[in-house]
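Quick heads-up: it's one chain on its own, the form predicted alone, in structure tokens.
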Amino acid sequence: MPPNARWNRVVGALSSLKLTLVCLALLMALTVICTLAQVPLGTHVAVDRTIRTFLVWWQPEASSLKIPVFPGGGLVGFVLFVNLALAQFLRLDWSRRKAGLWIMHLGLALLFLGEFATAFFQVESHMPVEIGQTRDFTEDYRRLELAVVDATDAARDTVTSIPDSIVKAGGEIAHASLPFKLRVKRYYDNAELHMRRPTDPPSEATGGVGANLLVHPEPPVSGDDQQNAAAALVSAVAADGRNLGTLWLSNALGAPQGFLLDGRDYKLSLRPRRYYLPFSLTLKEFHHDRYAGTDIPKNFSSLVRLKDPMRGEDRDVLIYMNNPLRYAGKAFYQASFGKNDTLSVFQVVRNPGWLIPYLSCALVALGMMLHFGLKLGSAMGGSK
């Protein structure tokens, strides 16, 4: 078969209507699979394992082997994007009467690009803040970091943050800002921590509260209302080889642990990953309104003070349900509350492509109106 004929067959297959229907059917099947998977896995894990992946993997119980069993949303979306793009350029006429179809195809292509932008660039975090408290960072509860804080200066902390991916890999961790090295001996994605009993074996930790704890690994949890209690057994080693202590670190522990080295006070903790902001929010008021005579929530609202010295911002902002604060590329949504209505929790979303789905829907609607408008005009003109 000549090369050109072979190439034409490939292009024809990629731009065919049959491939479009197959991709749409696969996307519908993935939607059902993802919906069912949310019960045991939780929303975020289910979406990551089915929609925002190129392959859906199955792992047999008590095995490290992973077997691909279904195309993921990333792969199906990419193939459908190529299919629509080729179909548009190869099959649609460059004429005014097809302008609506061109606009609709462009809108659909943007929809897929928007999902890819969301999957790769969106970052979700939370900001819990109490009345009267000021925060200039958000926290990602699904990602952790090992924070090493030089707390010697009472007026200012110097923080070195190590992502959990590096801690999970184990081995030795060295950083230019630290006069010592960290050796990760163990890491558990989820663990049960309880006080040691006299009959328990000796602890591997030599300092901190971990020396009095028994740490037992547990299967990771994935529910939306659950959080893993990760644990890491970490030793600090000075430049001269001295062991500065072996500590159990966990995001379930309420306080950091540490040691002294050359007169400096170092605190270590395993905590939710922090994203620092160039501005701050102070919670002035929080209101939790209920329907009269019931405990059914009617509205949540937070009055915050936004301060950004770099931009000269110093103003009050009211955040309430379906009315987020959008500032500096981030959206702050009213998400939750606690501590007898003295604590407000904001969900913070950074999504550079948040406008793409709106533009996509507008283009599809415009294309449909234009296409059917031209059809209707042509039909009315032919009937005269």
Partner chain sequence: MRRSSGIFAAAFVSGLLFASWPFFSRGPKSEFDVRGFSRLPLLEGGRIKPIDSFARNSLLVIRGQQSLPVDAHRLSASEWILDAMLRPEAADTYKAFVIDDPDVLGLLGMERSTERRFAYWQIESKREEIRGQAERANGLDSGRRSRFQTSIINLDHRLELYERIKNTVMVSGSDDPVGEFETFVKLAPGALKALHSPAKAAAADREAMKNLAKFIDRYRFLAQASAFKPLPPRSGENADEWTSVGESILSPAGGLDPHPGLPAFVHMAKAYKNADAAGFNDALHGFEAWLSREKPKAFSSAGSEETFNRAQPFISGMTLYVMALLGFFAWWGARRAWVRSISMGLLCAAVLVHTLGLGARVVLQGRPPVTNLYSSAVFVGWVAALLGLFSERIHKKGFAAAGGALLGFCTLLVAHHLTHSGDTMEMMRAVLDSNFWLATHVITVTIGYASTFLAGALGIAWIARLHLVKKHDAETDKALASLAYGVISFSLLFSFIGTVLGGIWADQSWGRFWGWDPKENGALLIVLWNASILHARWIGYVRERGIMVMAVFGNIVTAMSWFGVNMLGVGLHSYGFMDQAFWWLIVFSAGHLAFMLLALLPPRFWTREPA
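If you're wondering where the values come from, they're calculated on a predicted model, not measured in any experiment. Rigid core here is just the name for the largest C-alpha set that superposes within 1.5 Å across the two forms. Numbering follows the first chain given and starts at 1.
Keep in mind that the form predicted in complex with its partner chain is not shown, yet the notes after this line are about it.
Participant: Which residue, Asn299, Asn243, Thr158, Asn212, has a heavy atom that falls within 4.5 Å of its partner chain in the predicted bound form?
Facilitator: When its partner chain is considered in the predicted bound form, the option within 4.5 Å is Asn299.
Participant: Using heavy atoms only and a 4.5 Å cut-off, determine which of Gly293, Gly132, Pro219, Pro202 is in contact with its partner chain in the predicted bound form.
Facilitator: The option sitting close enough to the partner is Gly293.
Participant: Might Met380 be said to contact its partner chain in the predicted bound form, defining contact as any heavy atom within 4.5 Å?
Facilitator: Although its partner chain is absent here, Met380 would touch it in the predicted bound form, with heavy atoms inside 4.5 Å.
Participant: Is there any non-hydrogen atom of Asn340 lying within 4.5 Å of its partner chain in the predicted bound form?
Facilitator: Although its partner chain is absent here, Asn340 would stay clear of it in the predicted bound form, with no heavy atoms inside 4.5 Å.
Participant: Do Glu139 and its partner chain come within 4.5 Å of each other in the predicted bound form, heavy atoms counted?
Facilitator: Glu139: no contact with its partner chain in the predicted bound form.
Participant: Given that the partner is absent here, does Trp57 sit within 4.5 Å of its partner chain in the predicted bound form, heavy atoms only?
Facilitator: Because no heavy atom of Trp57 falls inside 4.5 Å of its partner chain in the predicted bound form, the answer is no.
Participant: Which of these stretches, 104 to 112, 268 to 276, 231 to 239, 181 to 189, has heavy atoms within 4.5 Å of its partner chain in the predicted bound form?
Facilitator: Of the stretches listed, the one contacting the partner is 104 to 112.
Participant: Note that its partner chain is not shown here; using its position in the predicted bound form, name the residues of 40 to 77 with a heavy atom within 4.5 Å of it, in sequence order.
Facilitator: Residues within 4.5 Å: Thr43, Val47, Ile51, Arg52.
Participant: With both forms fitted on the core, give yes or no for whether the Cα of Leu17 moves by 2 angstroms or more between this form and the one not shown.
Facilitator: Comparing the forms between this form and the one not shown, which are aligned on their rigid core, Leu17 does not shift its C-alpha by 2 Å or more.
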